[in-house]
Structures are given as structure tokens and as C-alpha cells.
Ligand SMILES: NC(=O)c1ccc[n+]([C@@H]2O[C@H](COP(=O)([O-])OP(=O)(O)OC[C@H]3O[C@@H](n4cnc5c(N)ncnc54)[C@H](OP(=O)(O)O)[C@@H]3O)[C@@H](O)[C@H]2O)c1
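What follows is a single chain, given as C-alpha cells, in the form predicted on its own.
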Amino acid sequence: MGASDTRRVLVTGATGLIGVRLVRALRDEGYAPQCLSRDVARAAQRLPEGAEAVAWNGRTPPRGALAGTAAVVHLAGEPVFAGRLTARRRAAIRDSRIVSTRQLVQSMGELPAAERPGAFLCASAVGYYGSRGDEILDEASPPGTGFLAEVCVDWEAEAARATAAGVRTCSLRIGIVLAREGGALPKMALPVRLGLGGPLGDGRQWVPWIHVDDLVALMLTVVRDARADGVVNAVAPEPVRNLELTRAIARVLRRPALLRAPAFAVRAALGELAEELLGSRRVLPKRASELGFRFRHPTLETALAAELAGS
């Protein structure tokens, strides 16, 4: 890898909720972000100044963009909560993650050893663990069951193949990301604002969460730190139950949260995906702690205040 390339980071999914903030942070840290997009004109409008949009087909990256990068960060993927899990949606969710990861890894391996990326950071999700009640889960815990758990297992296996090409590889199992501009938080906050908020089911299920700025900072740590490989749970150190989360949102918004969404109603509305909301995952960031990572928002109250206060 040439010296002129050591600050270049290639990002997929750069125009998404996490990607936009990550690209901005990379730029502010002195990196030169290049962003793969199937719609370069649209990407150029969304990306911060200093980021370069590069065309790709969603699977095979241009060799010139991949070669000699300090790191590749793979965030692209079909949204999970965009409809019921039909056969077509299942295939789209799997292919957008597993096939694209396979193609990226294959392209890395086809490069001369000196031109391969220094690191490969691939998104994954806490859905890997399935629903596990009150069991404490860390990176060494085995996978759970269900469609999304199976997707995560296969997704991470494809990413891990990059290690055979000599590329330091890390899969981030990401929890619910708290950000004002999209993702789960606005959807959770809306019924509370309308006075219709309340826990889902019995509210006792554990919810692993992370503030978006902590997620971005953890990604930067993985890009920089040669010790960061394998799997890292991208969750805050204090998971909460769904009831606690709902009440905390209500406190920040100064609204009541007295109504409960019965489990049967959630299942009727979402089908199989309901278990991703009703299931319990008490996930801890053991590996991040071992790396010395310090959370800016380790508690739910500070994270929610940063994103919702005054809104």
C-alpha cells in the first residue's frame, strides 16, 4: 500500500443513517472517504463536502477504488423493517448483505497482496443472538435461531473470509441506533408525542441500543486500532428493558406513555418481524471495553437527551 493511500477509506451505504455521519467523521479525522453508490448524482447531494462518490453496481467494486485503501467499511443492506418477510423480501435482505460481502471479499483477494485494504469493517446486527431472555450475551455467545440470526451468521462468515487474504477483519453487531434523523428512534418517539406511547408486549424484553455518535466513534476505533478484529458488539454498556426505554423517551419528551401494545397486536401488524421487537437480547460490549473504548453516551438518558431534547 502506497503512502498516498493510507488515509483513503472506502464506504458502502454511505448515504444511509449511519453512513452520512461516518463519512463526515472520517473527513474530520483527516481521512479521504470514497463512497460507493449506485446513484452517484444522488449520493453527491447527500454526502458532506470532501467525500467522493464512486459508481458501483451494488456488488462488485471498481478495482481502482478498492486497491490501496486504509480500510473498507461495508454498511450497505436492504432495510429489514420495510415490510413483512415475504419470500422476495427475505431474498433481498440476504443478497444485499451476504452476496455483496462475498463480492467485496473476493475482489480484495484478487488484488496483489500489497494493494489489499488494511482493514475490512463489515456491519452485522445483534439479531445474531436471537431472543435469549435475561441471559447476558457477549461476543463469545453462540448464535440464536430465526431468520435474522441465520442471516447474521452467514453474513459474518462471508466477511471473515477476508482474513485469508491477510486483511484485518471485524464484524460489528449493531444494536438499535438512536439518532434523531432516522432509524428506530423517530418511530418510537412519534406515538409518545401523540400521547399513544407505551411498552411493547410485557415490556420486559432487553433492548441493546447505542447512540449514533458512539457507533461512529467505535467504527473509527476499529479502522485505526490494529487490535480490533473478529466480532465487536456495537451496543452501549447499559442495556435496558423495553418498558424502561419507553418511559425514558416519555420523560425526555414530557409526555405520558401509559398505553401498552399487546404482543398479539404487534405480531398481527408485523408477522415474523414482530419477534425482533418482542424478543429479548441482553447484549454487552465486552470487546469494546477491552479495546479501551469510552462511550460518550453510556446511559440512555444522556443519549435520548442529545437526540430528542427540545424537539
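One-based numbering along the sequence shown. Since the model is a prediction, treat every value here as computed from it, not as a measurement.
The discussion below concerns the form predicted together with this ligand, not included here.
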Q: Would you please decide whether residue 205 lies within 4.5 angstroms of this ligand in the predicted bound form, comparing each non-hydrogen atom pair?
A: no
Q: May I ask you to check whether residue 108 falls inside a 4.5 Å heavy atom distance of this ligand in the predicted bound form?
A: no
**Q.** Residue contact check: residue 135 to this ligand in the predicted bound form, 4.5 Å heavy atom
**A.** no
Q.
With a cut-off of 4.5 Å between heavy atoms, is residue 159 one of the residues that contacts this ligand in the predicted bound form?
A. no
Q) Considering 216, 177, 119, 165, which brings a non-hydrogen atom within 4.5 Å of this ligand in the predicted bound form? A) 177
**Q.** Single option in 27, 59, 255, 247 placed near this ligand in the predicted bound form, where near means a heavy atom within 4.5 Å
**A.** 59
Q: Could you tell me which stretch in 188-196, 236-244, 120-128, 223-231 has residues with non-hydrogen atoms within 4.5 Å of this ligand in the predicted bound form?
A: 120-128
Q.
At 4.5 Å, heavy atom to heavy atom, what parts of 23-45 sit next to this ligand in the predicted bound form? List them in sequence order, or say none.
A. 37, 38, 42
